[in-house]
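This document opens with one chain alone, in structure tokens, the form predicted alone.
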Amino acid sequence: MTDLIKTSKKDGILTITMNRPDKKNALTTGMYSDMTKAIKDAANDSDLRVILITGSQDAFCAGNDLMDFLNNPPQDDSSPVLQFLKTLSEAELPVVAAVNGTAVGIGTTMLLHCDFVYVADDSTFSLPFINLGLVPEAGSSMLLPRLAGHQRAAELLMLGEPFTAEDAKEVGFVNRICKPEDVLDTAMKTAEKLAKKPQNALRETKALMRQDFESVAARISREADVFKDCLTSEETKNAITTFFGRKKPGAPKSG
């Protein structure tokens, strides 16, 4: 486990913190691997009952570190990013997210696989895949239309424009909007309640609610195949080059 992903355990709750504040917690392959391991280990730890995911300082997650991603593109289902997505999507324990600030790309789509999502009122979300010449991931091309309907999902995925905490709640993947200073505490209170529930019934309830996981897993893999093809296209290379050209010096290269 690197310092870029921090974990702590208390009262049956595993807290996973993305800890790369200088890059707004943009994710590298190593960070994906660390989070995957933490979630898998939690399933086999009889002392753990709930997983809580959050980001450090003023950001939740600015998406992929694009430079790292381009240097280590996903080749197959064994790639760290796909292993993380599949592990999160089939996590046996309840997953609670506390979102502070920016949530871009996978920083937003991972929330579709969390059971409870609490966000700061000044949080902003973005699904900018189309602007980089890419397609959605994390099963979002299936899950967002289910939540929001086709037209609203098309607006989010085909325009790729930022949206607010209120928009995210309206779409359906946010439980509650909080003051920034209250987000983590609110999420932790829910985690504490869950930790006290009958655990077998809790796990089985989650499993029943996610009984269509096989179709979601298949969509994650299908998206990944198209995503990989896009990465090698001139259109995508030009879009990413343009994106880098717009970034200010020192800004995180993420998406």
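This one's a predicted model, so the numbers in the text were calculated from it and none came from an experiment. Superpose the two forms; the largest set of C-alphas matching within 1.5 Å is the rigid core. When you see a residue number, it is the position in the sequence shown, counting from 1.
Beyond the structure shown, there is the form predicted in complex with a small molecule, which is absent from this document and is the topic of what follows.
By the criterion of a heavy atom within 4.5 Å, Phe129 is counted among the residues contacting the small molecule in the model of the complex. Residue contact with the small molecule in the model of the complex: Asp65 places a heavy atom within 4.5 Å of it. In the model of the complex, the small molecule sits beyond 4.5 Å of every heavy atom of Met35. Using a 4.5 angstroms limit between non-hydrogen atoms, Thr102 touches the small molecule in the model of the complex. Remark: of stretches 75-83, 102-110, 151-159, 179-187, the one touching the small molecule in the model of the complex is 102-110 (heavy atom within 4.5 Å). The Cα position of Ile13 differs by less than 2 Å between this form and the one not shown after fitting on the rigid core.
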